[in-house]
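One chain follows as structure tokens, the form predicted on its own.
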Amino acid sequence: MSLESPKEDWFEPPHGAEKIWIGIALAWCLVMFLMMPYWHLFGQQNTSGETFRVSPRDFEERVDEFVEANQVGELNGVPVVEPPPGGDAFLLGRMWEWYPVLKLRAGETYRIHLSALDLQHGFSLQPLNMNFRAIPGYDYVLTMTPQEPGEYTIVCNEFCGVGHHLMVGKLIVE
């Protein structure tokens, strides 16, 4: 650290190799800027969905009706629910659980309705690394076609309080 002020003519415009590197960085920024909308529209890693306003209590009632109509079992005290292929499935985030456990069939398309009851929660489907936010008052409808059978873990990746580390759910694909 200097105790003196820089000379008044300290700045020199870029020259030689500096101009080339600035040009490369600018070109790369433009390429990445154009690739973002391209991959969103034509890449298949982003799920586009619909969003509706809904009161948290109304969404909870829909989830309860869905569970009552489609429950096929129970896992650690949480209902396991199998929606009809091509149908709607409801998933609710609340302190500190994902409710219910969804059981889906590989190759079938489902509309997953996702919302939160109390706080903002992060929906992260591992190991696929799908990330969405579940916010009270909004019903996010994600169209999903699971391809690989297995058990997938749903993790809350948005800090939601002291029990945040316990907020883990399951999605079973057969």
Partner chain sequence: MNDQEGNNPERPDGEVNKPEGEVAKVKRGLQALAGGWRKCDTTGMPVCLDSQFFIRVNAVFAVIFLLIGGLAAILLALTRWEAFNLLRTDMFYRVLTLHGLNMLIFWILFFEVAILYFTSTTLLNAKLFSRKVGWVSLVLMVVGAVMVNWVIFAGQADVLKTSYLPLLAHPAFYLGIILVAVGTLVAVFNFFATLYTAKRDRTYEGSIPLVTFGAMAAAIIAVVTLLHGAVVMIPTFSYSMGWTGEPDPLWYRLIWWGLGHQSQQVNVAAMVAVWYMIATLSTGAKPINETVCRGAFVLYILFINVASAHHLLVEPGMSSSWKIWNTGYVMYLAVLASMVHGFTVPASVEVAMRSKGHAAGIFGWLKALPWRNPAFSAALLSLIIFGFIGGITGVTLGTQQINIIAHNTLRIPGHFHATVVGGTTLAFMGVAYYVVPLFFRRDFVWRRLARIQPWIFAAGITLMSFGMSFAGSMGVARRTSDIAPAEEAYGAVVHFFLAMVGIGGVLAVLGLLLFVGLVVATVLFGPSNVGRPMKCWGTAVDLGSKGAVRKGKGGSHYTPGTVVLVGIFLTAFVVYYFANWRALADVWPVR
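Rigid core: the largest C-alpha set superposing within 1.5 Å between the two forms. Residue numbers count along the first chain shown, from 1. As the structure is a prediction and not an experimental result, all values here were calculated from the model.
Not pictured, yet referred to below: the form predicted in complex with the partner chain.
K.L.:
Give a yes or no on whether every one of Leu125, Phe132 and Phe159 sits within 4.5 angstroms of the partner chain in the predicted complex by heavy atom.
P.N.:
Verified in the predicted complex; spot residues all in contact, yes.
K.L.:
Even though the partner chain is not shown here, does Asp58 get within 4.5 Å of it in the predicted complex, heavy atoms only?
P.N.:
Because no heavy atom of Asp58 falls inside 4.5 Å of the partner chain in the predicted complex, the answer is no.
K.L.:
Please determine whether Glu65 contacts the partner chain in the predicted complex, using a 4.5 Å cut-off between heavy atoms.
P.N.:
Taking the distances in the predicted complex, the answer for Glu65 is no, it never comes within 4.5 Å of the partner chain.
K.L.:
With a 4.5 Å heavy atom cut-off, would you call Asn70 a contact of the partner chain in the predicted complex?
P.N.:
No, Asn70 sits far enough from the partner chain in the predicted complex that none of its heavy atoms falls within 4.5 Å.
K.L.:
Is Pro14 among the residues whose Cα moves by 2 Å or more between the shown form and the other one after superposition of the rigid core?
P.N.:
After core superposition, the displacement of the Pro14 C-alpha between the shown form and the other one reaches the 2 Å mark, so yes.
K.L.:
Determine, after fitting the two forms on their core, whether Ile24 shows a C-alpha shift of 2 Å or more between the shown form and the other one.
P.N.:
Passes the 2 Å threshold, so yes.
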